[in-house]
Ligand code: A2P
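Single chain ahead, by itself, as structure tokens, in the form predicted alone.
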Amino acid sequence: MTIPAEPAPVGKSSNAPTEETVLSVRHFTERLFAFRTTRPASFRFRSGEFVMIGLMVDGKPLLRAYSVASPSWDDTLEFYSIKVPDGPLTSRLEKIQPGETLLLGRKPTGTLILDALTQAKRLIMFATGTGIAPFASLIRDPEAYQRFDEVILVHTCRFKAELAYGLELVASLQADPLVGEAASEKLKHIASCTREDFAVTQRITAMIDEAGRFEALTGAALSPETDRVMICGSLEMNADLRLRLEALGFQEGSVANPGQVVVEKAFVG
């Protein structure tokens, strides 16, 4: 994939968003879609980070924070989004087509990065809905498998159709030349529904609350001694999980002070 040598800035400021070309769009359900764009050569990010993206609306840039779903080594950028009918940005973004222009911020950031966690045996990623996006990046990053003996992705949605993005992504890793072998040995994917019968029909908090349930699903109970945790979901889910993990003795971390759990504070979908 050819990457533009020089990104096109919007306006005169060196911090202004660049204009990227939409390469592909795929709608998974009436509420969920994914899209890819070009990536400027100067754009650097760590797997798990988010960036501001958007569109020009009435002559002004309208931007929102989106996790980058592609890994840091990819030469394109992937995003996974919910559709909000009355949303100022998503109601427009869901209509984008290949060849159209998307605005991309220049400063990726975020808390869901490996450098914010101390070393341990297992990396556990808890996601609801489109909160899987940063983990879609991380499970395609070789560093995740180099640092941890096990990588566990727990993804919960309301209905089976909403799990398709994650299920297809994990299945595709078997043929991935960069992480395929490591993922086949170390990655475990637990997908669950909350409003429709599935192999697992349970909320993430219920998996933790029910005695022996999480151990049965993953092979071992949650422990700050062996596990490092990343959380990305609704504000309510994030808060509920944080309380449970604190009760188990997990301490929140950051890049400046790595710890045992990190929570994405920017996720709103």
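Being a predicted model, the structure only gives us computed values, none of them experimental. Position 1 is the first residue in the sequence shown; the rest follow in order.
This next part talks about the form predicted together with the named molecule, which is not shown.
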| query | finding |
| --- | --- |
| Region of this chain that lies against the named molecule in the model of the complex, out of 109-117, 93-101, 67-75, 187-195 [heavy atom, 4.5 Å] | 187-195 |
| Output flag, 31, 157 and 234 jointly within 4.5 Å of the named molecule in the model of the complex, heavy atom basis | yes |
| 4.5 angstroms heavy atom contact with the named molecule in the model of the complex for residue 213 | no |
| 4.5 Å heavy atom contact, residue 226 and the named molecule in the model of the complex | no |
| Proximity of residue 203 to the named molecule in the model of the complex, heavy atoms at 4.5 Å | yes |
| Close approach of residue 240 to the named molecule in the model of the complex, 4.5 Å, heavy atom | yes |
| Residues within stretch 116-134 having a non-hydrogen atom within 4.5 Å of the named molecule in the model of the complex | 128, 129 |
